[in-house]
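Okay, so here's just one chain, in structure tokens, the form predicted alone.
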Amino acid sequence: MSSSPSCQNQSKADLRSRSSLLAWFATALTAGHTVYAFLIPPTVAFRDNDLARIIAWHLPCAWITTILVLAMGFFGVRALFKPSVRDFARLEATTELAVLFAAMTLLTGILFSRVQWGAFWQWDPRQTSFLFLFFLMAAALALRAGFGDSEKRDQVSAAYAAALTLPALFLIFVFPRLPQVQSFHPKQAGFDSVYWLAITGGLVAYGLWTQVLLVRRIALGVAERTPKSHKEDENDDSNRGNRTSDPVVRPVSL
């Protein structure tokens, strides 16, 4: 049994309220993380120990990208076998945010490479594999833009996301760790507890922002996929429920 329009409106209002509160909390946490990351002392075992603090932004973005890529594959498979408006909207939201955080990972990685290794791009295996991953995810957005029909676009996007899962896992976890692959990235980073706190704080802060953006983007995606006639029916029912009597007076013949 479907809920009444008044209950749906109340649910949407509660969702917006919780999302706004979470956004304020994420803003405060992000500001605190930024200040803390600049105040911690320089680390050791790097070419420029002071600027190694870039890792406090780089690693959280990389980890969140990995989580979003796995979410893309999950929602893609789920939407293929059990299509639903909400899962298509979830897939669209996770794809857009995965591309965003992958771009942030590449940008901070390029800065780290310039500071620590002397060049913006070293063709390091981890750099290269992540660049390929970024292209694969960006291709998902390009693929969506290539279809005018929304249903066809969602179906093709779901199939692409499902097919992307195995190559993404290979590029993230397997290729950089192959024995024959030599990387500038250290096997074990020499970070103390102060730096790990900065990295963990960044993961929590940007994870909260990911949740806020996902909730709002999914809600927008669901609204975009809801038939216009259905929305109008809900509005009509809501308006009829608010009227106590018919304001129009009509003549009656006797």
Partner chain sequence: MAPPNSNWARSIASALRKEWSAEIRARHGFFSATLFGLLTVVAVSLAGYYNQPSGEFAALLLVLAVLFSVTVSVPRVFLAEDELGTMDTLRVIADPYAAYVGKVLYSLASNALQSILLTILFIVFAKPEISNYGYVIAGPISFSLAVASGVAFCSALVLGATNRWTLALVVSLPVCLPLVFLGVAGIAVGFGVGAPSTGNGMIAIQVLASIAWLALGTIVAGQLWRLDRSP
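Just so it is clear, the model here is predicted, and its values are computed rather than measured. Positions refer to the first chain, counted from 1.
Missing here is the form predicted together with its partner chain; even so, the following discussion is about that form.
Stretch 140-148 is the contacting one of 67-75, 140-148, 111-119, 96-104, since its residues have non-hydrogen atoms within 4.5 Å of its partner chain in the predicted complex. Its partner chain is not shown here, but in the predicted complex it comes within 4.5 Å of a heavy atom of residue 160. Proximity of residue 156 to its partner chain in the predicted complex: non-hydrogen atoms within 4.5 Å are present. Heavy atoms of residue 184 never reach within 4.5 Å of its partner chain in the predicted complex, leaving it off the interface. Its partner chain in the predicted complex comes within 4.5 Å of a heavy atom belonging to residue 79. Along 122-140, these residues reach a heavy atom to within 4.5 Å of its partner chain in the predicted complex: 128, 132, 135, 136, 139.
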